[in-house]
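Below are two forms of the same protein chain, given as structure tokens: structure 1, then structure 2.
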Structure 1
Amino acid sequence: MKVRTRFAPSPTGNVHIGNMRAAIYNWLFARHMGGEFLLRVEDTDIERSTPEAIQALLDAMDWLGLDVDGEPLYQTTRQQAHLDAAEALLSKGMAYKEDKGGMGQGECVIFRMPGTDSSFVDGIKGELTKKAENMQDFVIVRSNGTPVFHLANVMDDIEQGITHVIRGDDHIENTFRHIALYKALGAEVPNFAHLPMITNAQGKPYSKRDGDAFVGDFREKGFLPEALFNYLTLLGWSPGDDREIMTREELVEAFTLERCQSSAAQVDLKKLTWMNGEYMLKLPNEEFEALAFQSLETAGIDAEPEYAEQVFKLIRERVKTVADIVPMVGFFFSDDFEYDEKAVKKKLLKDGVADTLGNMKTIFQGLDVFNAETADKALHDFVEESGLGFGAVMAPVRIAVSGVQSGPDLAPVLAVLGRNRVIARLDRALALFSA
């Protein structure tokens, strides 16, 4: 039988990172097995399920490259089928009506647990069992006539022909109920695999309060989808060898449920950032530039393409995330940049620095040609002639033209900025900081 997995989120607009990892595992498993990956939108919460929220969900999946087979199933279209199933269960005596709790809310439909011990083999955790006395009957249709999650979920998984239900381990208890439902409904029980949860930097389960809980947050922070995908896959799974940076094809090829960890995993932003940097490095130049131009645009920076491309070449290898770009190149596009206070205090407000900057200005003005090579040579010559240390010359010049202590090679930076800008900035630094 062909493997079919599914991702069944509630479209709330924000897709939780833990949910998205479950989606990734479902996708990976389906692709590995040559099966299908389906989407079911559990949109029965009318308040939160707006078209925008659904679109946001689809966008997040698209961004991560989780392609879906077939049309998505919208749970709201299935209500009648759910209710019919409840009727059938009722008529077979497998469910009963009751005014639960006697609260006068009216009668709801309650599923009768079979009263036998239950056990199943979880694809990740192994055999799981539960004694009959620890399982209670449960509501499948509310007194207001709407189906409850358990019924809807099972019915729709049957409808979509799901063979493998891969979900968070917070569903383990539900699984015993669901299995009983499958059997009562006369349907084949699918395979189940329960993923351990992932936790935040504090080692606690992700809550909606966590800043980085949603897929969109990672996108905004400048992470590449392929890097996030790779990282999330490795969080709780490993190929069994030492590979870490893996292409999507390699991940699909290597992915199996048996190699999934059965304990919770903690997200480590530092490692994600490292991995993202590796992916940034691998990006084809055109893609990097496209991303960079986009970042400048959203930051409201007007960039002349030819000039910008020179700038991008300078920072290309230093960027860890897309979000690094704008702060790194700001001074190339505007004279209105901040001076790093510490840097100024430590390097600029020193005796003799004003002379150094003044000398460099004169030297640069006197150059026949001003480019990376000549600027570099001028810098070196001056260091030698003056007997000043290298740091005593480079650092002040760098801070004067960029505001900060670190950045790409200084000479190329000067060359790209151009002589006029460099001299103007040296003048300004002289005026502002001559001690």
Structure 2
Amino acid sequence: MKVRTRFAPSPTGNVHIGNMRAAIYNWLFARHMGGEFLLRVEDTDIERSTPEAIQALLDAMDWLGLDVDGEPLYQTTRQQAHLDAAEALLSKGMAYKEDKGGMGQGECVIFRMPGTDSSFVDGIKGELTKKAENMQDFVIVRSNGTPVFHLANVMDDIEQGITHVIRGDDHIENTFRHIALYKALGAEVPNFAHLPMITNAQGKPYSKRDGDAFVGDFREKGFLPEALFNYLTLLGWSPGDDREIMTREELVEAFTLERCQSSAAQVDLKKLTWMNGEYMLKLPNEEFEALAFQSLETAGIDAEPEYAEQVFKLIRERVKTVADIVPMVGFFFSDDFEYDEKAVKKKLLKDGVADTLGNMKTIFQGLDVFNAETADKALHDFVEESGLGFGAVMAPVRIAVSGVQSGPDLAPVLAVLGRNRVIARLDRALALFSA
């Protein structure tokens, strides 16, 4: 039997990371088993499943590298097949018609449950059973003549030859209904595996209220697709060892449903940010620089390439997401940068700081050569001679030339800025903050 999995979203414009995690698990399982991963777009909600919403879904999948085998199946093209199946069930007495609401609005087609207990072995949760008395008949075609999710979902899985249905555990109740439908339609019942929900720190379903929740959010915030893919895979699954940073090939090789956890998985955005930083470090220099230049361009910063490359080297190991780049380097490209108010109050407005900045200006002006080594020696010599301590010298100089209190090592920053910019910025700080 060739494994066939599917991702069957109802596109609304934003793709939740919980839905995308389900897609990733289906993709990984299919690739691990040498099978096929299919896409079905459940686009029957015409008002919400707009062309733009569908394109957003396809873009998110493409960004994450979830390649699909064959063409996507659009559910709206299958409506007649769904209705024909309902008629077949009616003719066999396995369904009946009824004015469900009793309001005279028309008859629904209702599937007749077989009246027996139902069991199946879930690939993650083990054997699950439901008593016959707890399973009621249910609508499969509305009074307006449109098929309900249950019938459409099962019929399309049959059409696509799906062997494994891997989806969220909010569908467990549906699965008992769907198994009955498969049997009534004379089709082979696929294997089912239900993924635990992803939650916030309070154990509630993770949503936009808890932070970034859609794939597009993470893309806009500068996360790398491989990092998000890696993180979402580990959100409810483990390779069985202490590995966390794993290539796509390693994930495919290691992925099994047996290693999926059955309890809810909690989103930890700090861990995702750390993981993204690890992926940023692994990027080849040319790829990092391409992202950095694109960030500058998006921010409207016109940078001379040779100068910008020197700047990028200073921040290379500090960047966690692409979105960090412009805030980290902005002061290199503008002399009119803003100062951090807290840093100014804490470090620049203290007695004696103006003298310190003035002395360092004079020392820097007097250096025969101005580079990282000479600037660093000058700073250290002044600290020793003045007896002020490193914090009392380094912090004011850094704030004066960059506006902030933290960043890469100060001497290389001064060297990249160059003597003229450093002197001009010391003058600016003295004019603004000296008494």
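Residue positions are counted from 1 along structure 1's sequence. Here the rigid core means the biggest group of C-alpha atoms that line up within 1.5 Å when the two forms are laid on top of each other. Values in this document were obtained by computation on a predicted structure and should not be read as measured data.
Do you think the form predicted in complex with the RNA is shown as structure 1, or as structure 2? Structure 1, which is the form predicted in complex with the RNA, differs in this respect from structure 2.
Checklist entry - If you line up the core, does E384 shift 2 angstroms or more at its C-alpha between the two structures? => result After core superposition, the displacement of the E384 C-alpha between the two structures reaches the 2 Å mark, so yes.
| query | With the core lined up, does the C-alpha of T374 move 2 Å or more between the two structures? | reply | The answer is yes, as the C-alpha of T374 shifts between the two structures by 2 Å or more after core alignment.
- When you overlay the rigid core, is the Cα of L281 off by 2 Å or more between the two structures? Comparing the forms between the two structures, which are aligned on their rigid core, L281 does not shift its C-alpha by 2 Å or more.
So, with the core fitted, how far does G352 move at its Cα between the two structures, in angstrom?
-> Superposing on the rigid core gives a C-alpha shift of 2.5 Å for G352.
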